[in-house]
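As structure tokens, the next two blocks hold two forms of the same chain, structure 1 and structure 2.
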Structure 1
Amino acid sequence: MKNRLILYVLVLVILFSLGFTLPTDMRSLSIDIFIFAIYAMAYDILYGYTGQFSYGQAVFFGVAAYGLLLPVLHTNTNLWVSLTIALVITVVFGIVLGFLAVRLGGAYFVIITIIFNLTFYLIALDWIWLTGGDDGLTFRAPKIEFGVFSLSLYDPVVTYYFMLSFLLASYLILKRLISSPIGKVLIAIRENEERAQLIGYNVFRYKLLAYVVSALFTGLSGALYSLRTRYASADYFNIALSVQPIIWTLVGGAGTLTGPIVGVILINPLIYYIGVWWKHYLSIIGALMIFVVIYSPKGIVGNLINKIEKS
């Protein structure tokens, strides 16, 4: 426990010091990693802790992105109000879609999440009056206001610490959730759903809760990403964006919370640097996936945890 605390403090010190010292391109990459790390952890709650394999998380990413963008663009609402609107809308969609998907369960759960994703993507493409379609919409990012103080998100250093703060807060909240009795029930459902139901737990209710929590934090990452880019388009609903958290989670280690973050840290720099000059960069990610599946089926962090437990 003491060693873990020292490690956490060391990581925090490094992250906070890097905000001022990183080169521009690496700071930009770090900001994206912070945002997508939230997305990855959100997916891990759904898949890693309850065994629900979703192919439709981009729905919540896109809904929240537009949920933040549209109020700012059309009514000039401030940052906190817009972010709240985006998250509330995402939770509503999470409850409605989750009620349908979780009720079906199994293979039907995977199929219906794909259908959700494709439906929302086609709607976003077609409703140009609302979403801007393929071209998307741009907006001016509102200031971060704390009473009489305000900070600009056009300052990359401010953006770095703003996104880092949300990542740390998300990690602490989700860590607290999975360490609570609710988290233990979710793990029990993942391990043996029928036994959990026989014990007396309302499996549907807990799986729906996990779905909505995952939707909420996926939405948070989508809203933050639109804020970071000052832009959103129909591509934010693209099914490819639903595949990414699956890759992050499998590479890093499902059911570990930190594993998906490691997945983001490993994969996103490949996309960021190699993808610029080599269009076949996905083959490297594919090779990495094959390597992990063969030699570390529980993911990088999952494999490390197993070795530590056996030692």
Structure 2
Amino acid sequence: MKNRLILYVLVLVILFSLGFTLPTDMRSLSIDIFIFAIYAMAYDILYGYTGQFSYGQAVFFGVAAYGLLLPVLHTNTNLWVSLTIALVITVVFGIVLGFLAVRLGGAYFVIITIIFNLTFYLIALDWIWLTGGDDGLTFRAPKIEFGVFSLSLYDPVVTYYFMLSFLLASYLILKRLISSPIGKVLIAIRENEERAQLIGYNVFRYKLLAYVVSALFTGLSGALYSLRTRYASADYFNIALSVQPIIWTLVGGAGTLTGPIVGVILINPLIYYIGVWWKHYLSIIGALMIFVVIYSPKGIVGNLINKIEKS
């Protein structure tokens, strides 16, 4: 326990000091990692903890990205209001889509999430008046306002700490959620859905809850990403973006919360650097996915926890 506390403090100190010491391109990569780490954890709540394998989370990423962009662009709302609008819209979408997909579970769940994703992508490409289609829309990032203080997101150091604080807050909230009785029920559902049902839990309600929570944090990630890039396009709904959290979670370790973050830290620089010199890097990702599920299905953190528990 004491060791763990030291570890936490150490990680925090490192993350904090990296903000003003990292060179520009590494800091930029770190900011992306913070944003995508939230996406990865959100996926872990859905798949790692509740056993619902979604292949369509990019829907919420894209919806929230536009949920933030459109109010800022058209009515010039401030940051907190637009972020709230983005998250509320995402939750509404989460409830509606979840209501259709979650009830059936299993293969139906996978297929329905794919269909949603592919259709939303088509719509985003088609409704140029709303989304800007393939070219997308750009906007001026609003200032971060706290009462009388205000900070500019055009300063990368500010962006670093801004995104880091969202990551830490998301981690604490989700950690709290999975340690709570609700989290235990979710794990029970993953392990044996019928038994959880027989004990008397309303399995549908809990699975829907996990789906909506996952949608909410995926949305947070999408909204932050559009804020960072000051841009959103139909590509934010791309099905490839739904594959990312699957890779992160499997490589890092499903059902560990920190594992998916490790996945992001390993995979994103890999894609970033390989992508520069080989345009077919996706085939490596494909091979990696096959390799991981066949040879290391527990993921890195999952294997580590196993080892610690055995010793």
Partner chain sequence: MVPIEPTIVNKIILAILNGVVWALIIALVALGLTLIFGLMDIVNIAHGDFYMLGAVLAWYGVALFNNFWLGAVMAMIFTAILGAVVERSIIRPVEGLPAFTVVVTIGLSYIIQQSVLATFGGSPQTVPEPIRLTIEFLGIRYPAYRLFVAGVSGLALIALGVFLFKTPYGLWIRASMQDKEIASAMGINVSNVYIMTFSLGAMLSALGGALAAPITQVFYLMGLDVLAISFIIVIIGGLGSLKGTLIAAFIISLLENFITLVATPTEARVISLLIMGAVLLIRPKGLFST
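Keep in mind it's a predicted model, so treat the numbers as computed, not measured. Every residue number counts along structure 1's sequence, beginning with 1. In this text, rigid core is short for the largest set of C-alphas that superpose within 1.5 Å between two forms.
- Structure 2, rather than structure 1, originates from the form predicted in complex with the partner chain.
- Aligning the rigid core leaves the CA of Ile294 displaced by 4.4 Å between structure 1 and structure 2.
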